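Before any questions on binding or motion, here is one chain by itself as structure tokens, the form predicted alone.
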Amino acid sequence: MTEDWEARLRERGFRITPQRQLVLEAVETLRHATPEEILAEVQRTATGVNLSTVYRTLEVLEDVGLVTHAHIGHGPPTYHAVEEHVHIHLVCDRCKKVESVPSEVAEDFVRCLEDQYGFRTDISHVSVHGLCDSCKNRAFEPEADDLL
């Protein structure tokens, strides 16, 4: 778990609570998870925690820079721990696999946006949708693909 998580919370005036520790541990364990998935992981050890507690805790953890979120699909945001490196999410629209790739793969694109449009990109919230290597080589399956 992030070494200085307790210090970061205290510096911003937040208390250290078991719920905050459990939510942060769940985010780090699951890597990319919705609040509902985080709740399920937390409830494996603390059945009394509810979804509103998870949402409030994620807000606090994001405020102090321990977690961040991305909008990977059409549903709720997906949270992950703030890591040493910023990354882009590759989301397979067929199997729903999420892969993290280094943000450096988009350097030319980001530079172009800055140079041509004066737009500074926050690449940490980027997700690219398509088909993963396994799915792009599979035959079209109407019953499975209709669920997309």
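Note that residue numbering follows the sequence shown and begins at 1. In this text, all values refer to a predicted model and were calculated from it rather than measured experimentally.
Quick note: we don't show the form predicted together with the DNA, though the next part is all about it.
Participant: Using a 4.5 Å heavy atom cut-off, which of 106-114, 28-36, 93-101, 62-70 contacts the DNA in the predicted complex?
Facilitator: In short, 28-36.
Participant: Is residue 119 close enough to the DNA in the predicted complex to count, meaning some heavy atom within 4.5 Å?
Facilitator: Residue 119 lies outside the contact set for the DNA.
Participant: So in the predicted complex, does any heavy atom of residue 52 sit within 4.5 Å of the DNA?
Facilitator: Because a heavy atom of residue 52 falls inside 4.5 Å of the DNA in the predicted complex, the answer is yes.
Participant: Can residue 134 be called a contact residue for the DNA in the predicted complex at 4.5 Å between heavy atoms?
Facilitator: No, residue 134 stays farther than 4.5 Å from the DNA in the predicted complex.
Participant: Indicate whether residue 124 is a 4.5 Å heavy atom neighbour of the DNA in the predicted complex.
Facilitator: The answer is no: residue 124 has no heavy atom within 4.5 Å of the DNA.
Participant: Quick one: name the residues from 59-81 with any non-hydrogen atom within 4.5 angstroms of the DNA in the predicted complex.
Facilitator: Those in contact are 76, 77.
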